[in-house]
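Before any questions on binding or motion, here is one chain by itself as structure tokens, the form predicted on its own.
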């Protein structure tokens, strides 16, 4: 059995909306930069492959008694990047209401400051509240926003390629820092934006930082098929998860991509204790402190979680994204108990030291620069888009 990739979500105080009300959580520290650094380092030391950090243009919580504030995910993980060495860093990045040129530059910068360990999870903002926060446009249908997200992923890759790897020549004799012939205009025209390029950031260490897309419904499937290096599937029912995985595979093949170059992670929210009774008691306490019912995929012990993870490995998933119900309580159990048990059983790989890029860790190749190859096709990413929206039209 191929070992699973392991990922942990470091969102807020934890996956449960009442997590911040647990005594183990230092509420005053939720927005301290040292917190995310400490959590990331703990995950890295334990051998977790990557961490994710959620974000949106709206409130973090959805009701009374929930934490509504959050820090910018990309900026926070940029803070953690220089003090970590091997773990992948994957912030959520909203492609709605944001400038694609600025967005790609920020993601490329994260790849540079982490020495090639950056990913980005594409998300859209489809509520009127989020639109009003920005004030530039009204809310749109999710299918329109996901089509735009596909274009943002496309132009980001072109901008990352707009510098060839050897464009920076630093020729002291002639005073030339850049070979201008190795910088390229993208001349991209999308449905809601246009970008001339080139980027202001040199080509990232990974070529393209790893693109994550969550399968949130049929509207997101085209973006998964066109752009995802890693797809995140969030299904509590195993049969539904397997069906979603098959749907993704079909969509990727129809897009003309190799399914072997797309990784699939399944999200599993966990509340872990030494015995089932204690786990149920903590779950009941959390639920009583929240007005919103939040399903958890596993409430119990590490012993009872292991068979579930084994079944996920058998069904074809490449890895698992663990979402601790309460970070301060459940992350230590994951790092100190679950991860060693997964390695002992062959369900997780060894705690491989760095330096490795996130692409290396995921078993994904570094993409060739499309501008630097003689086989570059003007519509490589967007063969099925209308002619008037294609690059250079």
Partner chain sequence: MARKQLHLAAHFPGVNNTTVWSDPRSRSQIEFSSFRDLARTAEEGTFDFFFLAEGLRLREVHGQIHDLDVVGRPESITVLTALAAVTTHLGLAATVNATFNEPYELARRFASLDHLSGGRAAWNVVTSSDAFTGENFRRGGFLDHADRYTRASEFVSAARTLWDSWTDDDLIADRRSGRFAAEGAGRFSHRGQHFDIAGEFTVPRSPQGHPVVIQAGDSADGRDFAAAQADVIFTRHGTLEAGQAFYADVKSRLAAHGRTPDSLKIMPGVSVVVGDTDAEAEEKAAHIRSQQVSGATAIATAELLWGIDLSDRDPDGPLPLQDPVVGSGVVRGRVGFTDPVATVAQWREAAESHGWSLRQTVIAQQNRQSFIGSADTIARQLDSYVQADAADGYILVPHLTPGGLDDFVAKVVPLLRERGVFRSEYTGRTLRDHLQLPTPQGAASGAA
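Keep in mind it's a predicted model, so treat the numbers as computed, not measured. Residue numbers count along the first chain shown, from 1.
We do not show the form predicted in complex with the partner chain, though everything after this point is about it.
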### Task
Tell me the stretch among 270 to 278, 118 to 126, 254 to 262, 175 to 183 that has any heavy atom within 4.5 angstroms of the partner chain in the predicted complex.
175 to 183
### Query
Going by a heavy atom distance of 4.5 Å, is residue 345 a contact of the partner chain in the predicted complex?
no
### Query
So in the predicted complex, does residue 234 come within 4.5 Å of the partner chain, heavy atom to heavy atom?
no
### Task
Evaluate residue 96 for contact with the partner chain in the predicted complex, applying a 4.5 angstroms cut-off between non-hydrogen atoms, and reply yes or no.
yes
### Interface membership of residue 370, the partner chain in the predicted complex, 4.5 Å heavy atom rule
no
### Query
Between the options 71, 244, 221, 312, which residue brings a heavy atom to within 4.5 Å of the partner chain in the predicted complex?
71
### Query
What is the one choice in 290, 301, 216, 199 with a heavy atom within 4.5 Å of the partner chain in the predicted complex?
199
### Query
Even though the partner chain is not shown here, does it sit in the predicted complex so that 150, 308 and 328 each have a heavy atom within 4.5 Å?
no
### Task
Let me know which residues along 135 to 172 have a heavy atom within 4.5 Å of the partner chain in the predicted complex, or say none if there are none.
135, 136, 137, 148, 163, 170, 171, 172
